[in-house]
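Take a look at this single chain in structure tokens; it is the form predicted on its own.
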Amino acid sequence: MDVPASDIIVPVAPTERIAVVGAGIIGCAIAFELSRRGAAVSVFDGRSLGGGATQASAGILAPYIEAHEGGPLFELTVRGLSAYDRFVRQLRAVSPIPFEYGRPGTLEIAEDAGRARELRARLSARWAASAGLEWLDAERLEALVRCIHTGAVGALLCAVHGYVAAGPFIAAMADAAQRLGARFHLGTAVTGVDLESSGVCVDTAGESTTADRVVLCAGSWTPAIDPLRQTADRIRPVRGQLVRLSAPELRLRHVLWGRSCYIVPWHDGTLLVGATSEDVGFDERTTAEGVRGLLTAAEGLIPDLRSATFVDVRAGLRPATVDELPILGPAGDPRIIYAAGHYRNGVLLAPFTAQLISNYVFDSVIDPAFSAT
């Protein structure tokens, strides 16, 4: 694959020592982008790569569904989607690890006439053309998704939407960051972050690492290590459960979105069905109730899923904020940078977040999206 020279930045000499606390989708994207631009990066996490919320992510890239039109989250997620193609191109130029990334579009299914009216109203939105919105009647929907429930009256197609396989994606980012000099300390829980005259000290069991700056992106656990307490009482964990099925015979191609679940098809016939939203504190268990609800909802869209192979179920704690906006940027002390609280949009916003943090570190750019200041 030919890659424009402008997409590859080869570090000459590290100018900044950056500690990244958190090796989820946000932390790994930041580690790659900072390393690509020349920083000396160290990543710390008490778990494996993506062992928190990322492991239960379906990887959907759908700002025109997930966010409310006109609000700051809508604008942020649209910017997030626009950052993806270039980020993926840059990543693949560095790491050979394959990951599935596609923009097949989403189909929001109208199960009845009332839902059809709600969806068709979006066709008049100012962004409808740029999002590739199109209404499909029942006949056209069935032609695209032959196994759809016979009661469906139509669907809203959003052509620009897509998905990325979060697990392989994060593996590629970590690999690329390490190829560019980043060091990952996995299974190394951070016990504290201290501000000292010599820099910022990241404390782990029996050891301390000094950096010029620290990026806090530990998801739901960020408040526990925040030395400035900017995230105290602002981030809470919300459990999401995700079911994996296998049904290659259905040949699904689009991301399907119903009232109670979404279904993300991979090329190998794997289907990700998500996701619950449970305010249960730091409880990471998968539950029979969660699985049952997801399977029932999925079968309501695609009745043939009753005979699909059950692969597994995963749970993760999404870091939610009151306004569902992430906490981004410096606050109080420029050596502490926040990239936390992405809630349901961590995968969608990961490349864009990495770009914003990198622009701040190297060029002192304060983006309007920064909320921590």
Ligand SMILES: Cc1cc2nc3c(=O)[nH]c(=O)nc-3n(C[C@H](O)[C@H](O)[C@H](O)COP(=O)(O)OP(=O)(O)OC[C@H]3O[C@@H](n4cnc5c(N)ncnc54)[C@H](O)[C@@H]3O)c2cc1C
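Residue positions are given as counts along the sequence shown, with the first one as 1. What you see is a predicted model, and the numbers here were worked out from it, not measured in a lab.
This next part talks about the form predicted in complex with the ligand, which is not shown.
Heavy atom within 4.5 Å of the ligand in the predicted bound form - the one residue of 188, 231, 90, 209 that qualifies: Residue within 4.5 Å of the partner: 188.
Against the ligand in the predicted bound form, would residue 107 count as a contact residue? Criterion: heavy atoms within 4.5 Å. Output for residue 107 is no: heavy atoms all beyond 4.5 Å of the ligand.
Does the 4.5 Å heavy atom contact test between residue 348 and the ligand in the predicted bound form come out positive? Looking in the predicted bound form, residue contacts with the ligand include residue 348, since a heavy atom lies within 4.5 Å.
At 4.5 Å between heavy atoms, is residue 44 in contact with the ligand in the predicted bound form? Heavy-atom contact with the ligand at 4.5 Å: present for residue 44.
Heavy atom of residue 184 within 4.5 Å of the ligand in the predicted bound form: Close contact is absent here: in the predicted bound form, residue 184 is far from the ligand, nothing within 4.5 Å, heavy atoms only.
Which is the contacting stretch out of 327-335, 301-309, 31-39, 340-348, given heavy atoms within 4.5 Å of the ligand in the predicted bound form? Of the stretches listed, the one contacting the partner is 340-348.
Going through 206-223 from first to last, which residues have a non-hydrogen atom within 4.5 Å of the ligand in the predicted bound form? Counting only heavy atoms within 4.5 Å of the ligand in the predicted bound form, the contacting residues of 206-223 are 217, 218, 219, 221.
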